[in-house]
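Quick heads-up: it's one chain on its own, the form predicted on its own, in structure tokens.
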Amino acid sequence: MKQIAAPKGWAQLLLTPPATPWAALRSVLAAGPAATMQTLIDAGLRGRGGGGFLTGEKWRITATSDAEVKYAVANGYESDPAVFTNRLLLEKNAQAVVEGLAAAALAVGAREAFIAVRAEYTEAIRALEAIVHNAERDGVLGANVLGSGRELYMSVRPLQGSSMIGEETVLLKALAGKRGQPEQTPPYPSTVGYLGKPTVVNNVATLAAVTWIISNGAAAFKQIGDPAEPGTALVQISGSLTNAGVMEVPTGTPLAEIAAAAGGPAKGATIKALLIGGPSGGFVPANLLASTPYSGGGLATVGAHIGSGALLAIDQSVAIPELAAMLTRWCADEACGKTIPCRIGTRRLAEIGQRFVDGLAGPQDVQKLHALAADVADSALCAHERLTPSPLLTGMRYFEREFVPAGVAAEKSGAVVGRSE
């Protein structure tokens, strides 16, 4: 795992430690909760964990609750295979994450905050614990935050488990030592979260951005990236590109420019597609890379999503049906199985996908795939279930000829096999 140097002119704010530690937290105390949340709303900061909800509005919901006990949680648990964006951020800029979480807790009225991280991220855990320990020693955190009379205790919580822990309702259950299955929403954690109390949950990259915004202002942040989703995002690059690693990318950057910034195709490779969003992501064919921006809205138009921030470059040697079926099996294996469409439907999707791989798909399998995918997505309790059909759906959408033999395609369209017009 390494950081890929971004091209000159690309803003780098998530992986750059604050020039003056705790300056943002002092600003929060001076401005007060309402002004702090308004600053984030003015900046247009959206969650970097995949949901894309406005951070300031999310905080405001928890802040306006009249509950006596509230919590703040940093979600640093990432579970997609070979994705290390959170890990790199925590190792390089733990200060901004801790400071952003402290700002969130003070803004919503929480007196206790947790940083959830994978247990095997030992270097990141050491960095976080050292910052929290020193902050308590120096009076930055604890019983009297920077002499303000406010109380805030923070702890690092290493976790182990399935990929589902990354989903925020599952994460809160894991923190409480409960079985890791998602909850029906609404109510959202902002009103009913950890131990049933209002809880603001933010991805660690979101919190690092919070620290930058408070230190540099909403207007400066708004000028970076896509005006509708401003700022930067961490992208995990792998596959058939020259360089692999994590790159900080301004939102709205065309996918073709990201691939070029990673060195372009590896020697001898011709890019066929990019898989965006991890195992439940979507395939984006090479002819759409120049016109597709890396943003929530831009990716949604082509059937992909930001997800874990993974970008996998696929060359011409890869069979899309085989990869899509494998990804669907992985998603089915990782599903918690709380709902029947997830427990059974995702496995049936994988079976249909495998029939295409084995050349055993019948004329009705295309229709069955779309109908079952719609049922699974419509009944989803969480994003894992809702997005599991994405690889097969986008694979079929852009690479139908690899899935459907000529004869089957003719039957599906109503033509007579072997007969020409």
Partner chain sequence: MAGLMERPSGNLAPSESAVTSEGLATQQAAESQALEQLLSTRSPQRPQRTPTFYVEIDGKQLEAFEGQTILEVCRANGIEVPTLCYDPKLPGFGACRMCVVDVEGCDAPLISCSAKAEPATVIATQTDRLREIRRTNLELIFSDHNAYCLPPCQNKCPSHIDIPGFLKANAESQFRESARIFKRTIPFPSILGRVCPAPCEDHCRRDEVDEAIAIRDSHRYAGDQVLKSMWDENIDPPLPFELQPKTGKRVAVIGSGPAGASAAFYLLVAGHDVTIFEKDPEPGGMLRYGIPQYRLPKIEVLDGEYQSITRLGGRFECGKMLGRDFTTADLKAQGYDAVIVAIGCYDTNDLGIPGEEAEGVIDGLDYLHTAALGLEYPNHEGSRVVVVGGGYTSMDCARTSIRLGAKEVTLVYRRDMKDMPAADEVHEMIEEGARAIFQAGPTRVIVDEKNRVTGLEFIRMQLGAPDASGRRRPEPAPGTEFIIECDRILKAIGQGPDMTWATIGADGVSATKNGRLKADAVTFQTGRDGVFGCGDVRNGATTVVASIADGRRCAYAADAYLQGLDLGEIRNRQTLAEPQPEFLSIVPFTGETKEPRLRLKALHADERKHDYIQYEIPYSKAEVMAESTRCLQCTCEAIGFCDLRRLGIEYGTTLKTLEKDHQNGAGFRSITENRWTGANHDYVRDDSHAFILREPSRCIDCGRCANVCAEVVGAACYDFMRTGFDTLVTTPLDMSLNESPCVSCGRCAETCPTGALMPKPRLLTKYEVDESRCILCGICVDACPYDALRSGFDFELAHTDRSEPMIDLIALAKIERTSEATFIRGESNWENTVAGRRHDPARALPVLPSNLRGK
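Numbering follows the first chain given and starts at 1. Keep in mind that this is a model prediction, so the values were computed, not measured.
From this point on, the text means the form predicted in complex with the partner chain, which you will not see here.
Of the heavy atoms in S295, none are within 4.5 Å of the partner chain in the predicted complex. Looking at D378, you'd find a heavy atom of it within 4.5 angstroms of the partner chain in the predicted complex. For the chain shown alone, S240 is not a contact residue for the partner chain in the predicted complex, no non-hydrogen atom being within 4.5 angstroms. The partner chain in the predicted complex is approached by K338, whose closest heavy atom lies within 4.5 angstroms of it.
Looking at the partner chain in the predicted complex, residues D333, K368 and L372 each place a heavy atom within 4.5 Å of it. The partner is absent here, but in the predicted complex a heavy atom of Q181, alone among T301, Q181, S291, N144, sits within 4.5 Å of the partner chain.
The partner is absent here; in the predicted complex, the one residue of R111, K222, R343, R126 having a heavy atom within 4.5 Å of the partner chain is R343. The partner is not drawn, yet in the predicted complex one stretch among 25 to 33, 388 to 396, 349 to 357, 65 to 73 has residues with heavy atoms inside 4.5 Å of the partner chain: 349 to 357. Contact residues in stretch 96 to 119 (any heavy atom within 4.5 Å of the partner chain, taken in the predicted complex) are absent; none meets the cut-off.
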